[in-house]
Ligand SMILES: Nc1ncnc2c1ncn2[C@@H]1O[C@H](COP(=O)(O)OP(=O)(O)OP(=O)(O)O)[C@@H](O)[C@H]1O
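Single chain ahead, written as structure tokens, the form predicted alone.
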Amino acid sequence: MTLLKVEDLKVHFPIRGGFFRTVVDHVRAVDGVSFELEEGETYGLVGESGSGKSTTGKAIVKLNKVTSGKILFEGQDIANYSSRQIKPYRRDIQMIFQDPYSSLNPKKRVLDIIAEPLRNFERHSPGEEKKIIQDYLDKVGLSPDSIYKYPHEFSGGQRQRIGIARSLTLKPKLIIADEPVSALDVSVQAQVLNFLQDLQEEFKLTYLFVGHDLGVIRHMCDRMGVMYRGRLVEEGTSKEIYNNPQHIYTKRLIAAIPDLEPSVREEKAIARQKVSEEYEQSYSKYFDEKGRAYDLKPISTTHRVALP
């Protein structure tokens, strides 16, 4: 069953200039993105900084205003819902933020941080609330006594686990993970990613995973979409795109993945140089005169590429 369907989503930010600060142009952060997400699936949005992937995720949770397009959640178009209309859906769509250092209020104890979304929708006695929060802390691998501590008393990985616990308290159907491990040490990243997969199995979660690391996206996601300048340039299964990229931008992203094996490092460098040359020579084949990617066209039942 399709849980989320995004159709021709556009998020444009005005550029103001002149004495009267009139709108002179727009930044087209998201410029016509469409994809679907099935229940229980993990779908990845990958691209460089500024590609529009995080803006897309934030538009779905109504942190960014939608310029046009549809966001169908369980068949209901929530793209232009008011804050009052969207409230019932907020418990079903939660977000894990990129930076565990800035996404947690440093002045609040863990108890109040995790309980905040719960208090917006449900009423519990202090004792019941404490028990619920302690149960979720236990699920994310933190001591129940952590409820009395403040964010600065935890490591980066532990803070991200607190953010994950906060997103789980309302038992959401969809979690948007906005680069949840990019601010963490490499040694901690694998722990958090594996932990997210375990939670998905336990709670039957659906993930929209936003990131710039193709290795992480490949590990986490069933399907993925590659974004460039607010547009999807390729979409397919993670295995398909990683092993058989068709768009020059996707090839460039994959070629940029560092390889730790000395035996293939030189071979990788040569391949990277070839991709860079192809990118320069065939840019006009993949993008129009304004540098805008073409619409996606199917090349198989599961693989779509932006071609003229």
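One rule holds for the numbers: they count along the sequence shown, beginning at 1. Fair warning: this is a prediction, and the values are worked out from it, not measured in the lab.
What comes next is about the form predicted in complex with this ligand, which is not displayed.
When contacts are judged by a 4.5 Å heavy atom cut-off, Ser54 counts as touching this ligand in the model of the complex.
In the model of the complex, this ligand lies within 4.5 Å of some heavy atom of Glu179.
In the model of the complex, this ligand sits beyond 4.5 Å of every heavy atom of Leu253.
This ligand in the model of the complex is approached by Glu48, whose closest heavy atom lies within 4.5 angstroms of it.
For the three marked residues, Phe13, Val27 and Gln98, a heavy atom of each sits within 4.5 Å of this ligand in the model of the complex. For this ligand in the model of the complex, the listed stretch (27-35, 245-253, 65-73, 275-283) containing residues with heavy atoms inside 4.5 Å is 27-35.
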